[in-house]
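Okay, here we've got a single chain as structure tokens, the form predicted on its own, with questions on binding and movement later.
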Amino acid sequence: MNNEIPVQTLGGQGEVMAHAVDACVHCGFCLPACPTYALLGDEMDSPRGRIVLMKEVLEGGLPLADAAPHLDRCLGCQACVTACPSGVPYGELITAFRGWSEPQRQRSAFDRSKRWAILKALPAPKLFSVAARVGQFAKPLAPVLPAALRGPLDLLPETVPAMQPSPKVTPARGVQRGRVAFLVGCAQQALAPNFNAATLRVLARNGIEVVIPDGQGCCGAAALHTGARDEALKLVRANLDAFHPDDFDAILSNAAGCGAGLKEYPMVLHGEPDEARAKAFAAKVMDISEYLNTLLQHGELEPPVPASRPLTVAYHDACHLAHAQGVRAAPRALLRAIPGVTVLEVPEGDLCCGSAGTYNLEQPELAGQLGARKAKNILSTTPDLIASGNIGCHTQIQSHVRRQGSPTPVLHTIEILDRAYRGEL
């Protein structure tokens, strides 16, 4: 799409945005893949429409305030990237645009306060855990609260588990076959600490030493995708300082959103002195399922203990694993490697569950519609277990599955594999 975006005044992020706009041929293949277009049926709430809006704002032909409502409704799920035959890097465009436009936004005091609270609590597991516990006491008041406050309370689990500190080094069991660095994540340390515990157990069992580098922190994805670019840059650079790619076979994440965020570092730092360092870092980043699947494909994964009975597992594709990272086969292969487990495909599997980072906090109505639709589709397969690879999806799906009256357990893929190794399936 021809454009007159003033790249020379926008710097490296301007190049990112102009490149994405250039690549769009306005074909419309993205429309049926877009969750908000599926719900609202409005061209301006589709990727194609949003690309036009961003182009017009960047060129100065459209006020940001006119485009903002449609752009705010974008989940950033990147289903359009998978559907696009022209390879438009829409995820890079919307992320860079939000970083450029946020300082120009005129938000209410309530919105500013809410976004500040979210971006302070999410990257701080201890603070987030305290906030979640306080939120549990407020849950009985949820029906009378505004949607902006009711949404976060609805997502809280019935109980907030105790945090489990992870050791700095987890040695390999038996013969060591690899050494990896591990990003421990933020919210999941408070909401689902067993994700990390299971990850460490499975890796150690397969002869992999796991190091949790000092100085690491939030991946920065939440800040980046909400337009808080300066805050995101601090987090990005802190992680580049903490992780030393040459010391490890891989840098692992067990959260799809975090892994995708880590792989975005070169784009975030495009045109800046740290770009080369970011590329070296991102080249080593892998999702836990990707890494374990390489062991499986080479015949090096320790065989799991068979399930005690035939089990069906509905696997949910987290958007930032399937679309942003292109990882689909690996988690399914790991689940199928457990004797007695059958993997079920979910209807409308490519449709976002509505979590999308902070989306279910900022757009609770649309997120709720998508969450209910996802839960209904998953439960239609009548699974014994539900698997996913992202804390946001886990929280959203678990909440909506319970609202639809189902007690079906929702687990991380790595938890299911860990249970199999422990003879607990």
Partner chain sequence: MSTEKLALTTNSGARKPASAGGASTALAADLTRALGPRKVLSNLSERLNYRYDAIQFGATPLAVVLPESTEDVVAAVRAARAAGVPIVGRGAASGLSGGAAPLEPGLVISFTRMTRLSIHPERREATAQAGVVTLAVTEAAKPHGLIYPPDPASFRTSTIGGNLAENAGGPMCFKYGVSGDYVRALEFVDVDGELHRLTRDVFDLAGLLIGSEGTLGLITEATLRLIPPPKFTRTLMAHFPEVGACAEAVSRAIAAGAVPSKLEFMDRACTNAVEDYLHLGLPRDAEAVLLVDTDGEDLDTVQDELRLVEEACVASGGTVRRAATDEEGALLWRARRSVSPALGRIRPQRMNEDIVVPRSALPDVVREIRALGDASPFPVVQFGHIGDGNLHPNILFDPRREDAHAVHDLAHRIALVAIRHGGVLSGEHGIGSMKRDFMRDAVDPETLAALRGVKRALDSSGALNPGKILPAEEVMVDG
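Keep in mind that this is a model prediction, so the values were computed, not measured. Residue numbers count along the first chain shown, from 1.
The same protein also exists as the form predicted together with its partner chain; that form is not shown, yet it is the one meant from here on.
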Is residue 400 close enough to touch its partner chain in the predicted bound form, meaning at least one heavy atom pair within 4.5 Å? no
Is residue 368 a contact residue for its partner chain in the predicted bound form, using a 4.5 Å heavy atom cut-off? no
Close approach of residue 44 to its partner chain in the predicted bound form, 4.5 Å, heavy atom: yes
Any chance residue 424 has a heavy atom within 4.5 Å of its partner chain in the predicted bound form? no
Per contact check vs its partner chain in the predicted bound form (non-hydrogen atom within 4.5 angstroms), the hit among 25-33, 355-363, 371-379, 388-396 is 25-33
Are all three residues 268, 291 and 322 in contact with its partner chain in the predicted bound form, where contact means a non-hydrogen atom within 4.5 Å? no
Checked 60-74 against its partner chain in the predicted bound form; residues with a heavy atom within 4.5 Å, sequence order, are 61, 62, 66, 67, 70
